[in-house]
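Here you get one chain, nothing else, as structure tokens; it is the form predicted alone.
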Amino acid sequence: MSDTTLVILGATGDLTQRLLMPALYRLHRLGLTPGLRILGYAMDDWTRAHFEKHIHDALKAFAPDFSARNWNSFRKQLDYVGGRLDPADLERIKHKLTPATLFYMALPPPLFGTASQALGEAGFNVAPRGGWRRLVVEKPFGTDLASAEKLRAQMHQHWDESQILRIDHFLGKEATQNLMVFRFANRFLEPVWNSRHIAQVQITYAETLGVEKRAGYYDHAGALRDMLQNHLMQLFSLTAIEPPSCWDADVLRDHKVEVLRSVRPITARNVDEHAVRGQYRAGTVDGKKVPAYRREPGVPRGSNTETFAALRLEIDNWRWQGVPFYLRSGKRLASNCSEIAVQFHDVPGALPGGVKAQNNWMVFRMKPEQGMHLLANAKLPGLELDGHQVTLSAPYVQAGENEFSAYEQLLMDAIEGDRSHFLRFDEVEWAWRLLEPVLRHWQEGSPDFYASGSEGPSTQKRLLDRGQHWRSVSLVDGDVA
């Protein structure tokens, strides 16, 4: 990694303070970024000393392992240049770039196209011999299919698709990457990972937080765009993909796109059979009373933006024919719970002594703790031949093991050129194609309301097959049963 430059566009913003710099600081502390130069670029007319103090204060607030000794060595990697997003101003950083340079757009989404074009017009997309140039862009990748295609066209004016790294931090999470390893590295799992044995899959991301200070963005986005179109769609495709023939970035992404293309289309006529939306009202969360979404600061009083969205997706291929995949995410729910839960079919035939077996579930838990859990049936201790459900659990992180944040993982991948955990444009395109009918349908009407601190709108039950139920998000001590 010697002589590599990371240019952060928007270096004085919130993303840089809260996520990027704490991740870079920890990588430095662990000795994983020798020779990395970090160049901040933003419109603020700051000196390098002012930028250093800004980052120092951010790390004290957001890096739990901050220490003066590590800061004194980390600060030597930092530099700063102020300027606008135009080729003339960007010329100021030309002499600071190394042959290997990564540009990270920590910018508001409307500026992604402008920034990528300005960098290209300045000639920064072309690397000297033996070097490389890469461009990292954060989600959202557009607000619908048309805007996503417009952004792609803007970026492709100067940047090749192989140079563009679309970052979705869910793909950098340890639990997400563990899903792939656990799925493909265990021989016992593949024979049962299909419709003959699996009845349904539920992917849930529940939050107790409300809109907080993001009303300006969130009221134009909503839960479907903010969570399902990107984060949960990635978890969905990774759960459903076929085993890749080799561990190659493009092979992996080909397989993910194949899943998206195999999803039975949602049409204007059947949206209500495949999608449910909700909006939180006032209620109680963690023992505190909280206001309705429409009473949050910055939210229009009559807003119909959804704070909860649920989808039913069906895959038309041999492996998954007839298995519903349920995706849902919501704010102001009963707890912070994030998981992929796979339910197996009931056991056929008679059981010993009339024992009634409960459903088997395999749960990949991401929040509140990371772990893998198998809900199985066993004999209830005692003289009677009776059964009960037991949970076989394996925590993801063992004592003494290092756990990395999503941004630490993805920053290292971007610098090293590993594109496996970044999105290719056709993934973005097909995710938008699937949801376009839902977005159009939801332009009219109102969401279903639910009380803050609840399980979400009761209408989400209509997506389920007969006999199925949503797993509760009302956790008790992290229980997964």
Ligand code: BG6
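One rule holds for the numbers: they count along the sequence shown, beginning at 1. It should be emphasised that the depicted structure is a prediction, and the values quoted were computed from it without experimental measurement.
This protein has a second form, the form predicted together with 6-O-phosphono-beta-D-glucopyranose (BG6), left out of what is shown; the following refers to that one.
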query: Distance check, A334 to 6-O-phosphono-beta-D-glucopyranose (BG6) in the predicted bound form, heavy atom within 4.5 Å; finding: no
query: 6-O-phosphono-beta-D-glucopyranose (BG6) contact in the predicted bound form: E408, any heavy atom under 4.5 Å; finding: no
query: Distance check, K379 to 6-O-phosphono-beta-D-glucopyranose (BG6) in the predicted bound form, heavy atom within 4.5 Å; finding: no
query: 4.5 Å heavy atom contact, M227 to 6-O-phosphono-beta-D-glucopyranose (BG6) in the predicted bound form; finding: yes
query: Site check E306, R312 and R440: each within 4.5 Å of 6-O-phosphono-beta-D-glucopyranose (BG6) in the predicted bound form by heavy atom; finding: no
query: Listed range touching 6-O-phosphono-beta-D-glucopyranose (BG6), judged in the predicted bound form by heavy atoms within 4.5 Å, from 256-264, 80-88, 207-215, 287-295; finding: 207-215
query: Listed residue (R75, K173, H158, R152) with a non-hydrogen atom within 4.5 angstroms of 6-O-phosphono-beta-D-glucopyranose (BG6) in the predicted bound form; finding: K173
query: Residue among R281, K96, K139, H197 with a heavy atom within 4.5 Å of 6-O-phosphono-beta-D-glucopyranose (BG6) in the predicted bound form; finding: K139
query: Neighbours of 6-O-phosphono-beta-D-glucopyranose (BG6) in the predicted bound form among 229-243 [non-hydrogen atom within 4.5 angstroms]; finding: H231
